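Encoded as structure tokens, the following chain is the form predicted on its own, with no partner shown.
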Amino acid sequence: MIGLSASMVSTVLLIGSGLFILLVASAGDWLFLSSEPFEAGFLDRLNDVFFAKPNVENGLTGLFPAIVGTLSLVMVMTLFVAPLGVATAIYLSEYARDTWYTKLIRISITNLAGVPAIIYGIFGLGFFVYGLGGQVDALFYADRLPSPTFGTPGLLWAALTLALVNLPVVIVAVTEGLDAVPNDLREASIALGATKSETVFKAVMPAALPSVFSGLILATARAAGEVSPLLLVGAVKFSPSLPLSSRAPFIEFEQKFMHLGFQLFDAVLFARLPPGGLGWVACIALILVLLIGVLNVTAVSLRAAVLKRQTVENPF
């Protein structure tokens, strides 16, 4: 079994490395050698990759707004999915009784992790956009009707939809981490006079922090690369402005946004690419992979820093 597992891991690594090398080679060949669809010079071409204005003829646009939109979406989604997922996992693992109802909830959460993301997109469109958004407009923006403010797809509803997509992943990861903590730790804490809450948050949770960060890392990577729900709840091909603001909370929640995954989807299916335009597709894919890698490295570094600080403060 060890040999079989090692061979499967090696096969996956080889396939992934091969695909990454292919992306790098295709994007590099397009950036350095090709003369379409942007300027011929490398620096001009690199500038156009990120900052080119929308081109009606071939449907291409610079990727900087898509990068900003992707990062904004991931950050807003994390603000929703992290506290809700961790709180749900703590309740199921530490407070809820082990009854048939609790087992049913756990099985349901695990099954929700396998539901196609487009189903969540349809739910988000109906519940968040037309339901909650319509109510928000009726209560707070009645003077702007019939032009909708929140009753239309936007960054907030996309983030909530992706939070639902990734919530089961976070709950399962954190729950498994909490269940893996030995009961001896809980019993020792209670024996020393700690309350239930003190035991959970000062003894159990620090031991389960790696699982918490693992769930958030998985959610971040999936949110950065997910496309199908965004087709319905806010992602667009062209956006006249970034979803950012100079006023708190510095994000325009009601605004539509550009997303790297959506740009890749659109470029493959709909963009009228000139000869050699597949290099542009490879460039988008490479930037998306690198962005996901940066987000994962950042999350892993944060996890390592928290664990190191925890070890220094509690060496025993």
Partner chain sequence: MPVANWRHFKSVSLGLLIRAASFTVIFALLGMVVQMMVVAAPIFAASTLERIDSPEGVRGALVLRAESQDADLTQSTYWVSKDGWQLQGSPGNPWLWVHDQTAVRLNVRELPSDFSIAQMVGHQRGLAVLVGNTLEHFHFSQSTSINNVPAVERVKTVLVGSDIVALAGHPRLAVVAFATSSSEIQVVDFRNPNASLRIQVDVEIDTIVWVSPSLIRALTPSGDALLFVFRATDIGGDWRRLLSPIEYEGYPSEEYLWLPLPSAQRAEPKYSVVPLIFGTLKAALLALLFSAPLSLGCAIYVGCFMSEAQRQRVRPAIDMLTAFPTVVLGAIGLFWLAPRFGEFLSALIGVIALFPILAILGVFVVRGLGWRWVRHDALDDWPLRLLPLVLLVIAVGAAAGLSGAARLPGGSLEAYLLSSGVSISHFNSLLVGIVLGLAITPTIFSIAEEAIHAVPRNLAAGALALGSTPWQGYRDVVLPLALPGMIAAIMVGFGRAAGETMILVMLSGNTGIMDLSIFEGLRSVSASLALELPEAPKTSSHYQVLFVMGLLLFGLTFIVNTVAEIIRARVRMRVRGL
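Everything numeric here is computed off the predicted structure, so don't read it as measured data. Numbering follows the first chain given and starts at 1.
There is another form of the same protein, the form predicted together with its partner chain; it is not shown, and what comes next is about it.
Candidate site formed by V68, V169 and S211: none of these residues places a non-hydrogen atom within 4.5 angstroms of its partner chain in the predicted bound form. Within 4.5 Å of any heavy atom of its partner chain in the predicted bound form lies no heavy atom of Q135. Interface residue remark: I118 is counted as part of the site for its partner chain in the predicted bound form, having a heavy atom within 4.5 Å. Heavy atoms of A87 reach within 4.5 Å of its partner chain in the predicted bound form, making it an interface residue. Its partner chain in the predicted bound form comes within 4.5 Å of no heavy atom belonging to A180. One change in the predicted bound form concerns I109 and A299, whose Cα atoms lie at least 3 Å closer than in this form. Relative to the displayed conformation, the Cα-Cα distance from G215 to T298 shrinks by 3 Å or more in the predicted bound form.
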